[in-house]
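Quick heads-up: it's one chain on its own, the form predicted alone, in structure tokens.
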Amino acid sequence: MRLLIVDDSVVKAQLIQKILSKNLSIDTEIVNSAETCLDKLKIESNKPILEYNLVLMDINLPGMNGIEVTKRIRAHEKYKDLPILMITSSNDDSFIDMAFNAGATDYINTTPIRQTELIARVNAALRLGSEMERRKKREEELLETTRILNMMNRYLENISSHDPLTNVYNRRYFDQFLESEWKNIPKSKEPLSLLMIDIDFFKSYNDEYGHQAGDSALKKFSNMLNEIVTRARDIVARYGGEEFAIILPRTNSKGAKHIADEICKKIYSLEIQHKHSPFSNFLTCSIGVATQYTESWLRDKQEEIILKADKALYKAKEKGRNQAIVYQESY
């Protein structure tokens, strides 16, 4: 335990020091001015060090008095819980009120110094300081535990909603998100578009280059999709195997087709070698586009848009792949 005595009376300070050193296991240090006290506490430093467990502060210091010093100490976050025991030789209640309002923990009248009272008040202030320190540590531990739990919750949420290989959303999240956006169509009065995407001849790619190369290609493809699909409400999901899906809320057929065409161009530009593709040296994809408009929402079910996008995807494959096709009622 370390205690700082701040008093311009050397005789009084030394008497207090003697009493405390004799009766308590406390190292005491004496300073005789407010400026020296603030310097000892390193108040002006960006990183003050909490070296003292208690400050005994004389109210009537020369220059800056003890009340002003206490305010300066309390203004620093590091010292908001440091016990400060005010020393006074006055019985004037107004001084005592000012001391408490400034942040003093307790006070003791030193005219005369009563040894038993001094020891009791110092002990009480030290116990209070220790309890505050324990509480602070418990709060810090609780905050750290909360931080770890939040981090774990985010991790669990991520693995429950994302595909582990590609880190895009998984089928489970896709189904939940589509259901939510489907219900929102009549409220937003905006269309909803869906892209169903299939990497062309991916089985033969895996057979030729191996599954590790296949996994690498899927990662590159999903990263490319995320680069193209950047709006906050749009999502990219791995629908299964080499099939991906993109939900585009508030997007009409023309806008969805534009994004689909961009994807077809972009995957080709990645130049992922695929020598067993019947029509290209590089990996390509086929895309089916379907859009649900407000006026047809009542008569259709959620699954309709998936069926339409699948039919359009099939038509894209039928027409030679490496292209995007928008669903038409004739399909």
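Position 1 is the first residue in the sequence shown; the rest follow in order. Worth saying up front: this structure is predicted, and the values here are computed from it rather than measured.
Same protein, other form: the form predicted in complex with a small molecule, not shown, and the subject of what follows.
Inset, instruction - Can you work out whether the small molecule is within 4.5 angstroms of a heavy atom in all three of Tyr155, Glu157 and Val168 in the model of the complex? - result: The answer is no: none of the three residues contacts the partner (heavy atom, 4.5 Å cut-off).
Legend entry - Interface stretch in the model of the complex with the small molecule - options 73-81, 208-216, 139-147, 246-254, non-hydrogen atom within 4.5 Å: It is the stretch 208-216.
Legend entry - 4.5 Å heavy atom contact, Phe177 and the small molecule in the model of the complex: Contact check for Phe177: no, nothing within 4.5 Å of the small molecule in the model of the complex.
Inset, instruction - Report whether the minimum heavy atom distance between Arg233 and the small molecule in the model of the complex is within 4.5 Å. - result: Answer no; every heavy atom of Arg233 is more than 4.5 Å from the small molecule in the model of the complex.
Legend entry - Exercise: Ile199 in contact with the small molecule in the model of the complex, heavy atom 4.5 Å: Heavy-atom contact with the small molecule at 4.5 Å: present for Ile199.
Inset, instruction - Tell me, yes or no, whether Arg127 is in contact with the small molecule in the model of the complex, where a contact means a heavy atom of each within 4.5 Å. - result: So Arg127 does not count as contacting the small molecule.
Inset, instruction - Select from the listed residues Arg114, Lys203, Lys220, Arg172 the one whose heavy atoms reach within 4.5 Å of the small molecule in the model of the complex. - result: Only one listed residue qualifies here, and that residue is Lys203.
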